[in-house]
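So this first bit is one chain, no partners, the form predicted alone, shown in structure tokens.
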């Protein structure tokens, strides 16, 4: 037992705030280290240190010099607080996970939305079928199979610049054809 522990305990019990400052200066780094080993995160460990010393200030009578040193008491208190924080965080994460699992996804598309999407897809397919073969081929490879310009060029045996040009021409034709079709649909 450190020679100052009983004296610190008596001074803390008497409400001596200078005693708290002395204890803090002497033991805070050790208490911080104990909390940091459990939490692995500095800001949370600092919060634990603050909680431990506030607890000591509010309830100095809970420390019994006969049971061990003040440093040991504060380290045990810090470890308990740190473990409580970890458990609390784990419970929070579990609740959040359950919430996400149990929360239904938003409503799906309405029947009207599904019909509109199907009509639009039909219009796009019809417009693509009207393209010249060389342009239709690059559109199908690029947009329906997800190939890059370079991959379209390799697949069709044409230069990459030609693939880009054909795709630009096809998209311009599709845009004008689809604008008319979609505007004319009921």
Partner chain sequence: MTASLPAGLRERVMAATHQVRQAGQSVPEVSEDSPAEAFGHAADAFYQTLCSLTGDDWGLPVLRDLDVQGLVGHLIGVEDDVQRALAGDPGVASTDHVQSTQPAALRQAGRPTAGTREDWRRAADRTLAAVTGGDLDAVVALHGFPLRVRDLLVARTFELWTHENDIRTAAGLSLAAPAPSTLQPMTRLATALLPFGAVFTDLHEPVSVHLVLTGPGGGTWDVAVGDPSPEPAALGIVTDVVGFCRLFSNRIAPADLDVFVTGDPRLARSVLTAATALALD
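Numbering follows the first chain given and starts at 1. What you are looking at is a predicted structure, and each value in this text was computed from that prediction instead of being measured.
What follows is about the form predicted in complex with the partner chain, which we do not show.
Enquirer: Sort through 147, 36, 158, 131 and report the residue having a heavy atom within 4.5 Å of the partner chain in the model of the complex.
Expert: Result of the distance check: 36.
Enquirer: Should residue 153 be classed as touching the partner chain in the model of the complex when contacts are defined as heavy atoms within 4.5 Å?
Expert: Residue 153 lies outside the contact set for the partner chain.
Enquirer: Would residue 67 show up as a contact with the partner chain in the model of the complex if we use heavy atoms at 4.5 Å?
Expert: No, residue 67 is distant from the partner.
Enquirer: Please check if residue 10 has a heavy atom lying within 4.5 Å of any heavy atom of the partner chain in the model of the complex.
Expert: Yes, contact at 4.5 Å.
Enquirer: Could you confirm whether residue 171 comes within 4.5 Å of the partner chain in the model of the complex, counting heavy atoms only?
Expert: No.
Enquirer: In the model of the complex, which residues of 43 to 70 put a heavy atom within 4.5 Å of the partner chain?
Expert: Read in sequence order, the residues that approach the partner chain (within 4.5 Å, in the model of the complex) are 46, 47, 49, 50, 53, 54, 57, 58, 60, 61.
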